[in-house]
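Take a look at this single chain in structure tokens; it is the form predicted on its own.
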Amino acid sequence: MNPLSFHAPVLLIAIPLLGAFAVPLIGRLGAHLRRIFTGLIALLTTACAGLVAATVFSAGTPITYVLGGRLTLPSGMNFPIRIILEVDGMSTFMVILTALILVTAVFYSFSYWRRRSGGTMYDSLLFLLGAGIFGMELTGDMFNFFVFLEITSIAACGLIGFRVWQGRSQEAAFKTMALYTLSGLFVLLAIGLLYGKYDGLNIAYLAAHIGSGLVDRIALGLLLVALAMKAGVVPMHMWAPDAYGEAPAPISAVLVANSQASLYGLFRVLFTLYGLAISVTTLGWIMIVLALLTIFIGVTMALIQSDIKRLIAYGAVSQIGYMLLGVGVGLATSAGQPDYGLVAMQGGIFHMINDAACVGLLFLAAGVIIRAAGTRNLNMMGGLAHDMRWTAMFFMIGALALAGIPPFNGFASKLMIYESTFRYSPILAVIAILGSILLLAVFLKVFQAAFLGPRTISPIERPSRLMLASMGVLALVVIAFGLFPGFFVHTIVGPAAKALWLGRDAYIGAVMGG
């Protein structure tokens, strides 16, 4: 392994972190130089994500990266001070997802903020959020997971309330901050309980020793509630529509990746940290019930929205349910390990990257629509397709993909979920399909209201080439993943699902040996 590939996991965190602290200094030299620097940081981060993916998928086993050494105190006591990053197929999959959304959000933002001040603060918080998300996905230590979780919370709340000239943004940021704080407190309490019992915080070490006692069950409950809350799972989703709806358009896209990083943490806790030490059938059904609630509430609330961004936000919430449904069926069947259980896992995990791409595309398109129409109210729009054909096409691609219409990527992952859940319980598949049908109706209404009909308004501002290019990249991902799902399932989704469903021993062995 060459040195660059060896150090890629830590560089994936260090580069955006460096960018976050260097942007204020570079910004003093001028806005143009700041944009060049932020674009370079985004591209370098994406390149590191590609190196991590190439290294892990070619190795086929988890890799570890250790920072630190040994510290000798004045008393003569000598003990190790280490931070361990552990990267397997699942964490690599999440890295790819995050890098895709981060780089498109950065380049979209160049034009989005051209007429507003405060770009230095915005770029700094955006890179800080990206570094925190990567840290959550790569760390092999529970306390460092908490630290990165808090970094994402601070940066996300700052970005949600960034537009101080809009009172609703401040309200959304405060609500999100309150629930993120509660989520972080629950995670910290769970970590304290596990450390008190096992005298360690490394995930592999804890997984090798964890049991099913009262302390273990309490810690599990705290982690489940905390991570489900930050992922936006119903009934703990109250912050998500406000945060997605009021954040700047590119930040709404990155917040989707942030929520999915918390969902990744939930899956890591269930499959890797606890594994078969818990009642997998019971917990699987808890996830399934939460999934059905999330699908139903998300879609029905989207039906009654007239604000385009809140409508997309509720659509994004509903999609968390499909991920939970697939992985929940996989968890419920993991003891017996039937074939359809793995397919369900693959469908739920595949839908994570598909959802990030199509929801991210919809939020970016919504940003263009709002700037062009001068309003977020669908009832005051109309005929925008006459002047913005590319935006109309990108929005339709994202909407059809989100509703699971072929040949787009949402259909590929949802079909895997439908087929596997039908074998487990036909009722689950019927409810999931009904949710997609209702979501299709919702977005057809949006497309008709915003783009079709006579030209009622002239666009106040048309999208720049960078904005169109950013949307185009996500649209290409949506189409490519839909046309060639087998390739992507084989190369990135399959290893991710197997890392959770079958790879617990390999994850533990990479650190503990044996």
Partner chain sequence: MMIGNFPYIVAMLLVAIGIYALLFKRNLIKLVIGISLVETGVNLFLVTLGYRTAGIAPIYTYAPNAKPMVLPTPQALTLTSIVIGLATTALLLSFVVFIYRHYGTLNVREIKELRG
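Owing to the predicted nature of the structure, the values given are computational and were not obtained by experimental measurement. Numbering follows the first chain given and starts at 1.
From this point on, the text means the form predicted together with its partner chain, which you will not see here.
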Exercise. Just one of 301, 440, 100, 83 has a heavy atom within 4.5 Å of its partner chain in the predicted bound form. Which one?
Worked result: 301
For this session: Could you work out which of 185, 415, 289, 380 is the residue within 4.5 angstroms of its partner chain in the predicted bound form, going by heavy atoms?
Result: 185
Problem set entry | Site check 154, 172 and 192: each within 4.5 Å of its partner chain in the predicted bound form by heavy atom | yes
Seminar exercise, completed: Given 346 to 354, 250 to 258, 423 to 431, 196 to 204, the stretch touching its partner chain in the predicted bound form at heavy atoms within 4.5 Å is 196 to 204
Exercise. Could you tell me if residue 166 has a non-hydrogen atom within 4.5 Å of its partner chain in the predicted bound form?
Worked result: yes
For this session: Find out whether any non-hydrogen atom of residue 242 is located within 4.5 angstroms of its partner chain in the predicted bound form, and reply yes or no.
Result: yes
Problem set entry | its partner chain contact in the predicted bound form: residue 371, any heavy atom under 4.5 Å | no
Exercise. Closest heavy atom of residue 120 to its partner chain in the predicted bound form, within 4.5 Å or not?
Worked result: no
Exercise. For 284 to 321: residues with a non-hydrogen atom within 4.5 angstroms of its partner chain in the predicted bound form?
Worked result: 301, 305, 310, 314
